[in-house]
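To begin, one chain is listed below as C-alpha cells, in the form predicted on its own.
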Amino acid sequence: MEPNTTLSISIVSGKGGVGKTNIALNLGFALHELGHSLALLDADLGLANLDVLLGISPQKNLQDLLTGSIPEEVLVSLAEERFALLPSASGVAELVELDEDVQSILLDKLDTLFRQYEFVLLDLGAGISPTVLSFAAMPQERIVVITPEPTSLTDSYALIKVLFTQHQIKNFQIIVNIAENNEEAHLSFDRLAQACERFLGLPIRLLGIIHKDPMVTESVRQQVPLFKFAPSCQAINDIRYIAQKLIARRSKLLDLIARTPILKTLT
C-alpha cells in the first residue's frame, strides 16, 4: 500500500451555535477552489446539518457502510472533481460502542475511501459527549471553533481539557468566528490560550479569524453554501486565507502523515 498523503481534520466546538458546520462546508469549497481534493464527513450523529445547508436529501449515509453498501455509493459529489460528502448516520451514536472488530471493519472502509483525497474534514457535534470526544480524537489534526462569547471560551477550554487529559491530544488550532474586528478576535484567543497554558501547560495555535458577516445568515436561510451565495464576501475571504494555511500545513506534515492512519480507532 502506498504511503498515506491524506490529512484528516476534525472541526469541533465546545458549544453549539458557533458556526462550525458552516465553516466546515465552506472551507471544503475553498480547498477545492485552490485545487485540492477532499471529503467531508458529517459526524454530527443524530443532528446532521451539512445536508440541510446544501439543500439536499442523501439516500445513504454512514450507517450504510456497516450494512454492506459500497463506500463509493454512499458519497455525494459536491463538485465535478474530487469533492464529496459522506452524510451522517442519524441515531447511531452507538458507533463509538462497537466492538473492536466492527470498528476495524468500518475504519478500513473509510481508510480505503478517504485515501483518494488530500483532505478529510469531519464536522462534529458540539460539547464533550463520549461520541464527540471519540470522533474528535480520530483524525490527525483538530480545529476548535470559538466565538468571542464568554460561554464559548469556557466550553472550548473544557473540550480541550478533556481531549488533552483523557485522549492525550496535544495539537489544537483555533478559529475565532463571528468576530467584530481583529482586536476582539485576538483578545478572545489570548484568553483561551492563557487558560490552556496556565492550567494545562498546553500551547494552542491561532489558525484564523472569520469576521461577522450578514451574508452567512442569509445563505443558511437560502440553503445555499456561502461560497456560492456570496463568493466575495468578508467571511469567505477569511475562509480562503485559512484554507491556504491548511494547504501549507499539509505540505509541511507529509512525512508525518505518511506514518499516521487517516482515522484512529474509536476508543
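In this text, residue numbers run from 1 along the sequence as written. The model shown is predicted, which means the values in this text are computed figures rather than measured ones.
Keep in mind that the form predicted in complex with a small molecule is missing from the display, and what follows is about it.
J.: Could you spot which one of Q223, S57, T217, N237 gets a heavy atom to within 4.5 Å of the small molecule in the predicted bound form?
T.: Spelling it out, the residue with a heavy atom inside the cut-off is T217.
J.: Just to confirm, I178 within 4.5 Å of the small molecule in the predicted bound form by heavy atoms?
T.: Close contact exists here: in the predicted bound form, I178 approaches the small molecule to within 4.5 Å, heavy atoms only.
J.: I'd like to know if L40 sits close to the small molecule in the predicted bound form, meaning any non-hydrogen atom pair within 4.5 angstroms.
T.: Judged by the heavy-atom cut-off of 4.5 Å, L40 is well away from the small molecule in the predicted bound form.
J.: Residue-level contact is defined here as any heavy atom of the residue lying within 4.5 Å of the small molecule in the predicted bound form; does D51 satisfy this criterion?
T.: D51 lies outside the contact set for the small molecule.
J.: Taking 4.5 angstroms as the cut-off for heavy atoms, does V18 touch the small molecule in the predicted bound form?
T.: The answer is yes: V18 has a heavy atom within 4.5 Å of the small molecule.
J.: To test your reading of this chain, name the stretch in 170 to 178, 191 to 199, 127 to 135, 105 to 113 whose heavy atoms come within 4.5 Å of the small molecule in the predicted bound form.
T.: Of the options, only 170 to 178 has residues within 4.5 Å of the partner.
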